[in-house]
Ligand code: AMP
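Here you get one chain, nothing else, as structure tokens; it is the form predicted alone.
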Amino acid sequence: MRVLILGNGAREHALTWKFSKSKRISALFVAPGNAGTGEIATNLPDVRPTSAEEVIQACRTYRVDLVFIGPEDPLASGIVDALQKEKIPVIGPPAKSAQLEASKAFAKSFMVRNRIPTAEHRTFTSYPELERFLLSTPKRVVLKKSGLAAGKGVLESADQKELLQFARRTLQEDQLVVEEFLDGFETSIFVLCDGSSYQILPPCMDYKKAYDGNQGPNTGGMGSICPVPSVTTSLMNRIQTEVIKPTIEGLDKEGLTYKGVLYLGLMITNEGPKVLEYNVRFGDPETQVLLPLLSIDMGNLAEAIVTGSLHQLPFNSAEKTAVGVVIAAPGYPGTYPKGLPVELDIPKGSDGTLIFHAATQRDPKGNLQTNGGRCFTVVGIGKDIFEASVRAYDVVPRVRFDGAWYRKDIGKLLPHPI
């Protein structure tokens, strides 16, 4: 099997790493890839994931048997539709189904139609109307840009002036969804879909806020854990019954074809699980802690999704825990420099740890450099969350570049069961 992975982040490095372990893989390509994927696969730096023409040409040139799409932008732009027209097997939903992530307004309407529990909400297109609503509502609210925003189009604030400024900026280019603020703890649930059956993967938790103690602005994710100790078996049963099953039935009823990965971002409240958002692909940084725990051949998994035979595949996850810590560039999630020289002082045989590159590149001399905001994810794997966290944080300081920073409470700050 010759596989092409689209994307260039730590999620794609983790996917590449997992595919590279498969006995089914004869060639592995990543477009555009990063310095980490380039060590275990062939990077195609000139292929843009959102360009159907370039991706299709790469598939022909390199005789690709399967395309696995990592990020959301190619999915929203219809890359799956273009590949399907060319009869190229692909994992990911078509543009119509990708609206579940590309438009929060669409997703909220889908939840209401299919009686899926979510926060009370309203969608606005007019600033004066929204201003009147915000000034009159006594409830605490959360503002969300309807379209794609790389995890940063959300504002939680008690400052009305800040809310109005965010709303005015957003409504100049997009719709705005206003939700009631929900108390509880968040968890990420990933569901593999093959068009007729589905498989639920172990729960993850993403640390979205920039700073320790869940303080500061939203980011694309500063760390993650898998599984989540507070997501009990009985809670997972409720999530399946109240959220996942009606979502899958809704997709089928509304003709939203789905062969790929469905993410459900949940808030676990005193009333039960409620959906905050859908994503139509693996999350980042959750993928980095989830894939190392799955005892499955990625080639077999990909084939099962494409052929609709997921129900025949035995699923096992290691009885272990993974903790992932993101190392970011100075200034992230705001403005940050690129091209910072990186030193990886990692001793050989660092048991129980993995390093996934995110925004990295090689200079003309082959030296490693940063190339974005989130630069690496260090993953520790252990028998429990304490051991996994210790292993991750033992290695984190060995990833060195000017201004590198990270949260120090990933896997230590944990929600209490509700």
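Each residue number is its position in the shown sequence, starting from 1. The model shown is predicted, which means the values in this text are computed figures rather than measured ones.
Form predicted together with this ligand: not shown, discussed below.
Asker: What is the one choice in Leu182, Ala210, Ile239, Val342 with a heavy atom within 4.5 Å of this ligand in the predicted bound form?
Answerer: Answer to the contact question: Leu182.
Asker: Identify which of Met267, Leu130, Val306, Val191 has a heavy atom within 4.5 Å of this ligand in the predicted bound form; exactly one of them does.
Answerer: Looking at Met267, Leu130, Val306, Val191 one by one, just Met267 meets the 4.5 Å heavy-atom criterion.
Asker: Establish, in the predicted bound form, whether Ala119, Lys144 and Glu186 all lie within 4.5 Å of this ligand, using non-hydrogen atoms for the distance.
Answerer: Looking in the predicted bound form, the three residues Ala119, Lys144 and Glu186 all sit within 4.5 Å of this ligand (heavy atoms).
Asker: Tell me which stretch of 78 to 86, 242 to 250, 172 to 180, 311 to 319 has a heavy atom within 4.5 angstroms of this ligand in the predicted bound form.
Answerer: Only one stretch passes the 4.5 Å heavy-atom test: 172 to 180.
Asker: Might Asp73 be said to contact this ligand in the predicted bound form, defining contact as any heavy atom within 4.5 Å?
Answerer: It does not: once this ligand is placed as it appears in the predicted bound form, Asp73 has no heavy atom within 4.5 Å of it.
Asker: Taking heavy atoms only, is Leu235 within 4.5 angstroms of this ligand in the predicted bound form?
Answerer: No, Leu235 stays farther than 4.5 Å from this ligand in the predicted bound form.
Asker: Indicate whether Gln99 is a 4.5 Å heavy atom neighbour of this ligand in the predicted bound form.
Answerer: Answer no; every heavy atom of Gln99 is more than 4.5 Å from this ligand in the predicted bound form.
Asker: Could you confirm whether Asn218 comes within 4.5 Å of this ligand in the predicted bound form, counting heavy atoms only?
Answerer: Although this ligand is absent here, Asn218 would touch it in the predicted bound form, with heavy atoms inside 4.5 Å.
Asker: Could you list which residues of 262 to 279 come within 4.5 Å of this ligand in the predicted bound form, counting heavy atoms only?
Answerer: The stretch touches the partner through Met267, Leu276, Glu277.
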